[in-house]
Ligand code: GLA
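As a starting point, one isolated chain is supplied in structure tokens, in the form predicted alone.
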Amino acid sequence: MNKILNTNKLLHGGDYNPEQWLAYPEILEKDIEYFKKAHINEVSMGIFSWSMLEPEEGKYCFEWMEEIIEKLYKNGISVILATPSGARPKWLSDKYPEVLRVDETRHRNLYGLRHNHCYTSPVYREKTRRMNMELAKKFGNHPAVIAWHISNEYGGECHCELCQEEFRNWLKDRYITIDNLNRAWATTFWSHIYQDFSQIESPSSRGESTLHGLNLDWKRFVTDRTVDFTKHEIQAIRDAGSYKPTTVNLMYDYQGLNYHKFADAVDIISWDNYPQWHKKEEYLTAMDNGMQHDIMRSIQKKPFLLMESCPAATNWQPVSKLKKPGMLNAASLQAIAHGSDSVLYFQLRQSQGSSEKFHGAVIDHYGGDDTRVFKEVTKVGEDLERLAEITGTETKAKAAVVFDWESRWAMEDAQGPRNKGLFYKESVEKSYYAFRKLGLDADVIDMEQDFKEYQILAAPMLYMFKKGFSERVSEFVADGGQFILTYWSGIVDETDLCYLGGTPHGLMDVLGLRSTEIDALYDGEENTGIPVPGNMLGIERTWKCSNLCDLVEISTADVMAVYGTDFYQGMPALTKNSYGKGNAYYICADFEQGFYDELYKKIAETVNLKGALDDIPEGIEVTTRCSEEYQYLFVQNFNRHAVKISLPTDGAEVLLGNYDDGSIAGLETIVLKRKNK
């Protein structure tokens, strides 16, 4: 049971916009009939309803929403109710233009779009507080309402004078004195010294954009402003007497906000998932998709919600590709496998007009229940009911990968060593994929999170070391942990000032080496990593590397592989160093995926860390969730063809799927339930 949501079922449903159909009562009646047929037990309402809920300033019209919530409740359908702050009504922007955002060129936006509002504006804060309190008073304790959906896909930034002043106050709190700020930002370079906080403005293409400390702190400030506004919205709900759990829906690989900062702001993390299935081999998309699920789960290290997914084709991607038969079910169950307690869609009924009228939906413009998509949605609903006991169970990962937002911000703004193609996300994916190919569950964390619980920790391209990180890594390795670091790591501190005295900063003794130079390779240029004969890891193959090659000077580390060409031929390309009870590995270059697969397999063997299955064919994803008593093993085939596979069925119950002939069909899922060891 999910204790936070107080439900013993996996949620199935999604975004519902009945205000678009108030003139068609027969459609609203039919919707409930269809929802029940498709095993839909939840709807998300009110996400962009402000102009219907408050058509004029101070005039609240909740009757239509109340009627629909009552009907849903009587039919056993729960509601996640949204605060409507994602898009303000026209009257609000007209009367109070300060609520509209100012862009980085210092021009105020016109009315329109979504999230075109200033999170600092006292007027906007007052209006959202009033709206949220009125909603909470009316519906906050209604038995149909199980949670609050706070706004929608927070994003963007405002450069108005209100935000400028708030930024200056934020900097004063952070640095105390202007001298401290000048040192942290290295403002002596190009003679950009500030005499007072009042002189500071946000980065702009028309002004200051080369102070990396300024750029980095501005991004942090934007995150803090957004989190603060989230808390402001939630406080209004609490002040009105509603204590239902809250969530914010996050987005795929969104770089504008540090999502880890929302961990303590809301009760549940949720996210909106729109992979481009069938653009490449399905298992490759599935691997990327799985990593995003695990990022979201790892923010709070507990079950999350899949708040949006598309049952058919999206309309805003470059190509609106249909999901082939079976793909919706496989994608939906993948979310459950990785820790979601829901499969929710955008949208339940397809809009008749405007920008998302061709976005896929459970019920399309035809309006019938005999479509292929409706039948596939129904199958998902049936499967989720079979898996209801999984609700609230957790993932117990023993491996983790560090994927840090702030380090990424700094690295991609750093001007070197490659200004086009650092491939940070790709480097993280290589470590994550290597763990997953072994059948290991993996958390994806930032450098501020605790990592004592893991046996293996990988930190690819961790350009920035925040204060205390190297000390925690040293302790982790000394206590027996296996730590993997790569090229271009430990270069700068948290204000993007280069460390002096050698890098990777604070870990040269742990790794047994010092980085001396880094060579950026041209596109198409390659080198190789050749295993040292008799190396203690048993690395056997020669692997290609590209993009970046780190040159290191060894102190105590053992060399596992060396470069094959260039002036650094024969220099270390992979090292291992014993430190305390553990080991620290250094990957010197951007190697191809196979290198990571071989290396991580060898490292896992050294600590006897095994996945749920010994032999995993290509295209098969293996994931687990656990309760106190049981392990739930998800085996998913992301190939379009059947695959022979040996599963541990002895003493296990098959909760879902068909394994009668020792194989798993294309795009099919098998779920086994077995006692914890």
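In this text, residue numbers run from 1 along the sequence as written. All of these numbers come straight from a predicted model, not from anything done at the bench.
What follows is about the form predicted together with alpha-D-galactopyranose, which we do not show.
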Using a 4.5 Å heavy atom cut-off, are Y274, W316 and F346 all in contact with alpha-D-galactopyranose in the model of the complex? yes
F48: touches alpha-D-galactopyranose in the model of the complex, heavy atom cutoff 4.5 angstroms: yes
S489, heavy atom within 4.5 angstroms of alpha-D-galactopyranose in the model of the complex: no
Though only this chain appears here, would E308 touch alpha-D-galactopyranose in the model of the complex if you measure heavy atom gaps against 4.5 Å? yes
Touches alpha-D-galactopyranose in the model of the complex: E356 (any heavy atom, 4.5 Å): yes
Just give me the single entry in K602, R108, R114, R220 that has a non-hydrogen atom within 4.5 angstroms of alpha-D-galactopyranose in the model of the complex. R114
Interface check vs alpha-D-galactopyranose in the model of the complex: of T393, N152, T247, N577, the one with a heavy atom inside 4.5 Å is N152
Exactly one listed stretch (266 to 274, 404 to 412, 323 to 331, 89 to 97) reaches within 4.5 angstroms of alpha-D-galactopyranose in the model of the complex by non-hydrogen atoms, and it is 266 to 274
